[in-house]
Ligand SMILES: N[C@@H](CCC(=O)N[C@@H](CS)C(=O)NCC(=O)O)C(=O)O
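Taking the form predicted alone, here's one chain by itself in structure tokens.
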Amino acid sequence: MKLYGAALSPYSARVMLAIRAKGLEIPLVDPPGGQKSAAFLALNPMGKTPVLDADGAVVIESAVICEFLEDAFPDPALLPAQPAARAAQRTVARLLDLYVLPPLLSLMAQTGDSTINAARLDKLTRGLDALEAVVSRTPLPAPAPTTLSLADCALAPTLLFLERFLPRYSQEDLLAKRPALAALWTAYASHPLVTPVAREMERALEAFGQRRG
């Protein structure tokens, strides 16, 4: 098996964290010929990563890939047994995908138009408020040293962007008034599974900045 994606992408990082939490050896590789190549579009017509090639079975969309890994490799489990707790973790991933990551990534693109950037920041703020409410209402268990939950896998790369990358584009501390999310970031920042992925993302961001410069 192999995962087509990019180290800088929080979506690829989510899947890589799930892979490592499962103790699997699945490499992260570049899309064949690039994301818009005919070879890659045959795998995912949307031309987006990540894409998992699971011994010939193609699985797209990061949340679906993580659920596939949970089904295919159930031990260790990255979702709790209780239906309500499972729903809460899936809600975290859903909020990230719909209301947090889109405005966050677009804000980092920085058009130079202050009105557009302010609107993006407003959308991001509202998304984070919803996420904080959900995490406060149904707190995630503290991540174990050797594994993570699927919600952790989705949250850690996003909080990494907020804490380490976004200050390069915006001076607002978006975790300061969100204690539940701030506490999770504290737990993730030194987690032995998260720190290697964080270093990979940081190196990729530096390389991206050098190319743009």
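Model, not experiment: these values are computed from the prediction. Numbering starts at 1 and runs along the sequence shown.
Unshown form predicted together with the ligand; subsequent notes refer to it.
Looking at 56 to 64, 140 to 148, 174 to 182, 22 to 30, the stretch with residues near the ligand in the predicted complex, meaning non-hydrogen atoms within 4.5 angstroms, turns out to be 56 to 64.
With respect to the ligand in the predicted complex, the three residues P80, R86 and S136 uniformly fall beyond 4.5 angstroms at the level of their nearest heavy atom. For T49, a non-hydrogen atom is located within 4.5 Å of the ligand in the predicted complex, even though that partner is not displayed.
At the 4.5 Å threshold, heavy atoms of S170 stay clear of the ligand in the predicted complex, well away from it.
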